[in-house]
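What follows is one chain in structure tokens, specifically the form predicted on its own.
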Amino acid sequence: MTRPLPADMLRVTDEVAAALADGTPVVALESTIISHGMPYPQNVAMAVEVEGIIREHGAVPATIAVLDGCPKIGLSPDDLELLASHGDVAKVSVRDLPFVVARGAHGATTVAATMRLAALAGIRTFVTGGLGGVHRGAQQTFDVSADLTELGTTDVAVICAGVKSILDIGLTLETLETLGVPVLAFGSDEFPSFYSRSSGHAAPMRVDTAAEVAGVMRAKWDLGIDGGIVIANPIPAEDEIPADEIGVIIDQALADMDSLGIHGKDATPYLLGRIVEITGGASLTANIALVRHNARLGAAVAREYAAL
């Protein structure tokens, strides 16, 4: 059951609040990619740059996090620096939100938690790097990201570079179908796999313009169909790491993780960091490039949706 939030539960910046009030397009951004997805100082530089890209393309950025127990919609430069460099920022999914808020702690929001808070603030468009999903070996571990269940219930369009390639992409697509989530590949007949433009899986649906994406968003929610939409935007060709090349590296990182006994919410941060080490930083360069690319598309989608 959805209940009205106390007035002081969400702290929305004046810029974001004004944009939401007058119909200016707004794009939500997650904060886990800052605190747990990239090393310092590349993480804060990326966060500032991506907010700038969204502004340059006609929308207002709203990076989302929990600071001192307060969910914040839109962050200051000091907030971004804190998230990027503070040693005690929790990784916060939806299940963690009550705990982190009640304790007055800092939390960087995952895709799922960012979607939930964005929806509560009235934001419909969200840009991230890669989507969480069904982990490899989930038949035994039942390790499935809350990103997927959130997509099944929360009315936010998520622009990403596909599912993180450390995951089981095929099972993730099957799960999204079960949850009734439209999966749109932007300008491609193949579903992308984060670092790579290809995954070996056909795109469930294809769109070629931001206006088409906005049209699907409006049609879905006007029909009363709850839940999100995935827009998979392939990494630019000049920035990708070919699938066969990154596949070998991911296998090595997975083997290293297993040998250390790492699992659960610590698995993805470890794997992404280990892949950066193995690739000598090439995967970090690709990660930053795809987030920039997604930000441009996200701003365009937000503009088209606001125009409707």
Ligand code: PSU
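Start at 1 and count along the sequence shown; that's the residue number. Only a predicted model underlies this, so the values are computations on that prediction, with no experimental measurement involved.
From this point on, the text means the form predicted in complex with the ligand, which you will not see here.
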Inset, instruction - Answer with yes or no whether Ser283 is in contact with the ligand in the model of the complex, where contact means some heavy atom within 4.5 Å. - result: no
Legend entry - Exercise: Gly74 in contact with the ligand in the model of the complex, heavy atom 4.5 Å: no
Inset, instruction - With heavy atoms only and a cut-off of 4.5 Å, decide whether Ala146 touches the ligand in the model of the complex. - result: yes
Legend entry - the ligand contact in the model of the complex: Leu272, any heavy atom under 4.5 Å: yes
Inset, instruction - May I ask whether Arg116, Arg124 and Pro182 all come within 4.5 angstroms of the ligand in the model of the complex, judged by heavy atoms? - result: no
Inset, instruction - Name the single residue among Gly228, Gly130, Pro192, Gly107 that comes within 4.5 Å of the ligand in the model of the complex, judging by heavy atoms. - result: Gly130
Legend entry - One residue of Leu29, Ala65, Ile33, Val26 in contact with the ligand, assessed in the model of the complex (non-hydrogen atom, 4.5 angstroms): Ile33
Legend entry - Candidate stretches 241 to 249, 52 to 60, 33 to 41, 66 to 74, one within 4.5 Å of the ligand in the model of the complex by heavy atom: 33 to 41
Inset, instruction - Could you run down 202 to 229 and flag each residue that has a heavy atom within 4.5 Å of the ligand in the model of the complex? - result: none
